[in-house]
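Take a look at this one chain, the form predicted on its own, written out in structure tokens.
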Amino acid sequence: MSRASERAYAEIRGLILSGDAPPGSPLTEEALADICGVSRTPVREALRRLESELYVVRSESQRLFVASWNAEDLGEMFALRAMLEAHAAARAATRISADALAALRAGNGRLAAAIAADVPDVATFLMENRAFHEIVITAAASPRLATMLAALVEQPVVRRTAARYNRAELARSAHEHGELVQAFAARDAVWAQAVMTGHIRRAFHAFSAAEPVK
């Protein structure tokens, strides 16, 4: 992609991830070109990429919309993420460096502090949660796996899930991160895989309970 296309991609993807372009909202090349400060051609290229990554869907009339998912879509997304990220955790358990393990501990400490605030700091939770999972995926040392996980982890549903957690659920997430750190420290791939599977499945049920979808 050209630099202009990359810029448009980042801008549009940011609108979707932030919720400024909510699920189901229409996307037009003209409006997005104005927002991104580029011509329509790079916007068109960016939209094709976002469509291939399932952030954007095309109707029968060729109109583009921000993707919106039904219960089956969401169930599949979380199931795939659980399988792939559990595999990443298993690989990471036998490959993770001391520095990466220390980074996981430190990051989860910051995440726990954000949760313990009088009003939970969800923005910091999201940032540290993303960083934690990125360290695990990097430690897995599988570019193929990282590519496959990228779209699933970045989907806006992850952000919306965290935003719907109550304090107890956020604390549970931090606890599960702590158990993952223990599994990595023990170099126990089976333990790490089991904890990660449960971690992602719990996130799915938290989302489903907070916002039932059809």
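Rigid core: the largest C-alpha set superposing within 1.5 Å between the two forms. Throughout, we count residues from 1 along the sequence that is shown. Here the structure is a predicted model, which means the values were calculated and not measured.
The following text describes the form predicted together with the DNA, which does not appear among the structures shown.
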Legend entry - 4.5 Å heavy atom contact, residue 70 to the DNA in the predicted complex: no
Legend entry - is_contact(residue 29, the DNA) in the predicted complex, heavy atom dist at most 4.5 Å: yes
Legend entry - Close approach of residue 166 to the DNA in the predicted complex, 4.5 Å, heavy atom: no
Inset, instruction - Indicate whether the DNA has at least one heavy atom within 4.5 Å of a heavy atom of residue 175 in the predicted complex. - result: no
Inset, instruction - Quick one: from 52, 39, 182, 147, grab the residue that has a heavy atom within 4.5 Å of the DNA in the predicted complex. - result: 39
Legend entry - Sequence-ordered residues of 40-63 touching the DNA in the predicted complex, heavy atom within 4.5 Å: 40, 41, 42, 44, 58, 61, 62, 63
Inset, instruction - Superpose on the rigid core, then tell me if the C-alpha of residue 32 is displaced by 2 angstroms or more between this form and the one not shown. - result: yes
Legend entry - Did residue 59 shift 2 Å or more between this form and the one not shown, C-alpha, core superposed: yes
